[in-house]
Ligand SMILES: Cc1ncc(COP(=O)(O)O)c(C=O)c1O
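Listed next as structure tokens is one chain, alone, in the form predicted on its own.
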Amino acid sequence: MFFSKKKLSKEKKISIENFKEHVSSGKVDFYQKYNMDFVMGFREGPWLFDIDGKKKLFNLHSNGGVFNLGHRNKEVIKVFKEGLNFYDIGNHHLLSKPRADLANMISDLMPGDLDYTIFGVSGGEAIDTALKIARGYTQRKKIISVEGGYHGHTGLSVQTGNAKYKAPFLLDSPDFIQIPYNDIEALKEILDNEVAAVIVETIPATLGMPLPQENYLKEIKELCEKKGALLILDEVQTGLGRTGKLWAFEHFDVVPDMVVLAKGLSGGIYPISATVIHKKLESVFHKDPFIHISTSGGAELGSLVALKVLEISSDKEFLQNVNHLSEEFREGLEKLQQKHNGYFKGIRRLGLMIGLELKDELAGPIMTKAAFDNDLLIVYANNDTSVVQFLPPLIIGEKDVKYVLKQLDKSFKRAAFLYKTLQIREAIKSFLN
């Protein structure tokens, strides 16, 4: 057997049993099968500790960017604690200073006329809001998205994703059309006068972080303008400094009609999302400003947190450090690629938005397990399992980079060994199918 069974503490055992009986039996079965039944306990900076204190993980997944500023960031927590002396969630029907201050700051940090923000709680909700606005403004129903992209699991957002996310729930709709990524000719063929919007992640994380080809996003915007459609850029994972600029689309000389933010905006402390729209689109709400609501969206405590997140993430020195760390990782990863070139095939990188290309579709899940065995949390890309997502917190230092590269070296060795083991290959094939 390539999996060892460890004795569990009583507290951990009870937590796992309760999770299995009352949250998700499938997840527990999966993690126990691969001896990865880690139960989150204390966490700080880039580290997650098991509830029994026997294992820790350096977080290279960051929950898709939720923990851009690390776990329990002290500056963010300070603002949150101080806010509790005065604020609570608030009332979405009434006017709010923290919400207004946050929307104003977002407007100042966005280019062009991206001046209005509608707040929500999750990325999926923010995407739903963007699609509602696109349909309401254009009075069209069709939405074009990218094959292998991902925008959430909620009502409208899930329909922009691959069939495996929506078919089990009977959510297929002919109004939602998918095309290959980086294929501008495919877009030209189907973008007609019935399309409300084209939605795309600036860099599609779940597709394995492929970078947009030169002028790809700019050409999408130009085509949308010709046909009267809107361009929605999903920056849920790429925004807030992840790519070395505050917004990833700044690298590509394009200004969309809407930008969706979430995950990292929370500071890992208080859920909040934002649908940022061109000022002309705000007319959708003129007739009835209460036509769209979100009870906890833009909660006043969440707004205070997000203000601090934006203050930190937009700082020039902070962004310079992201780019410095990116170069440190580039050097180290290129050396590891040369050393493990039978398994590690390539690097996709913009700032600290990094995908590690591996030998085939089995290699990503196996690397996830091998990295876990070496105290690293890395997750393979769900829509291209030959790639693992590499998203370190943006607040780490050079000492952390050296540690991660050292553990990655061990992980690639472990992955190559596991790959040769028929048992795990068959288990992974069964799971992926």
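Only a predicted model underlies this, so the values are computations on that prediction, with no experimental measurement involved. Residue numbers here begin at 1 and follow the sequence given.
Beyond what is shown, the protein has a form predicted in complex with the ligand; the following relates to that form.
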property: Non-hydrogen atom within 4.5 Å of the ligand in the predicted complex for each of F67, R242 and S266; result: no
property: In the predicted complex, the one of A130, V236, L356, A306 near the ligand [non-hydrogen atom within 4.5 angstroms]; result: V236
property: Heavy atom within 4.5 Å of the ligand in the predicted complex - the one residue of G90, G332, G83, G124 that qualifies; result: G124
property: Partner contact for F344 in the predicted complex: the ligand, 4.5 angstroms, heavy atom; result: no
property: Close approach of F249 to the ligand in the predicted complex, 4.5 Å, heavy atom; result: no
property: 4.5 Å heavy atom contact, D257 and the ligand in the predicted complex; result: no
property: Interface membership of G297, the ligand in the predicted complex, 4.5 Å heavy atom rule; result: no
property: Proximity to the ligand in the predicted complex (heavy atom, within 4.5 Å), stretch among 172-180, 214-222, 228-236, 332-340; result: 228-236
property: Residues within 4.5 Å of the ligand in the predicted complex, restricted to 167-202 and counted by heavy atom; result: E201
